[in-house]
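The chain below stands alone and is given as structure tokens, in the form predicted alone.
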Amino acid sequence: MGDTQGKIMDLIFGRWRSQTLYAGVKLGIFDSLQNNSKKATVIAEDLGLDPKLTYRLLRALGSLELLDESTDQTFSLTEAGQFLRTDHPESLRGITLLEEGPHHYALWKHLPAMVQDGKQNAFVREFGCSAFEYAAQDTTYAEVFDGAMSSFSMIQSAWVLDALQAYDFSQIAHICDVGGGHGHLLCSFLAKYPHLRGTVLERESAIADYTKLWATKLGVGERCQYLAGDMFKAVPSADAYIMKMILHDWNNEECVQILDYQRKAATSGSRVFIAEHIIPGPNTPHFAKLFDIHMMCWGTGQERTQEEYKDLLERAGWKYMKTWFPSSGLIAVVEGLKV
């Protein structure tokens, strides 16, 4: 088989890999191992699994370089496998359970039909309502979704801080994280810049559990408040607004509405920071181009180019200033100024 055929074969059977990974995470194999080596039979007994089929799954996870297998069927975590533990500080367990779980898996079969008829949002086709509406009525999906956002948020926060490493925050006193979830990004900023105070604006259901919020965990509780609200109705006044992976959830008209509410509430000279995957030019492979297809399936939104974010800012009355790129990572930050 030639290199080109091999590449195509890898694409065809890519779901085998991700579903094998999902099974390992779902069954608790990575948490079972943690920093210990165990025989396949012991893992199966600990997790209440069939020993023969467990070994075959473990062997496949080893082939994916997530586990190390010795000659006596003893397994241990590789460096990559460590990231699938629940307790890892940069765990990817939550995003695995969401993206390869039954709800999101079901969306992809609608892709050809959407492209044919020009109507995106496979979530509505599959479940009869938007993902946000579904999460409000299905606690299982809501828990998996929130867990995934928290799982990925810590990595994304590091990318955003990296992108804005050289930014001068001395003229900003109050920053509002719109749709900020449990507040990891905002609290990371407050921890780095002691003069800042902040507000997390989020759905009431997302911030109801105090134990999940990051302000106290990161030692910035006195400078951080959590505010229940709807970014389509009102936002608090602030010197700066930041949104991480928010605008890609919505279509252009919805994005302009979100940005317009922030501009109207903003103090004079305020900034807005849009942290998103930025689509590069033609023939440049990039995760954002694939993420864009996921957004086509999941809702009304999309990934965008730098020029498209500039256009959204200007339509909402902001002045585009600059796009800040990190030294590593996948997220860039588009900056706008209230004029």
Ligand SMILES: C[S@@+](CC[C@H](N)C(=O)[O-])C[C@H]1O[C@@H](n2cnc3c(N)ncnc32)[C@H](O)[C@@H]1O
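Note that residue numbering begins at 1 and tracks the sequence as displayed. Predicted model, so just to flag it, every value in this text is computed and none were measured.
The same protein has a further form, the form predicted in complex with this ligand, not shown here; the description that follows concerns it.
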Point to revise | Single option in Ser91, Ser188, Thr96, Gln156 placed near this ligand in the model of the complex, where near means a heavy atom within 4.5 Å | key: Gln156
Exercise for review: Quick one: from Ala122, Ala163, Leu84, Met149, grab the residue that has a heavy atom within 4.5 Å of this ligand in the model of the complex.
Suggested key: Met149
Check your understanding: Is every one of Arg203, Ala206 and Lys244 within 4.5 Å of this ligand in the model of the complex, counting heavy atoms?
Key -> yes
**Study point:** 4.5 Å heavy atom contact, Gly180 to this ligand in the model of the complex
**Key:** yes
Review point. So in the model of the complex, does any heavy atom of Asp230 sit within 4.5 Å of this ligand?
Key: yes
Check your understanding: According to a 4.5 angstroms non-hydrogen atom cut-off, is Trp250 in contact with this ligand in the model of the complex?
Key -> yes
Practice item. Find out whether any non-hydrogen atom of Tyr261 is located within 4.5 angstroms of this ligand in the model of the complex, and reply yes or no. Key: no
Check your understanding: Looking at 265 to 273, 195 to 203, 113 to 121, 216 to 224, which one sits within 4.5 Å of this ligand in the model of the complex if you count heavy atoms only?
Key -> 195 to 203
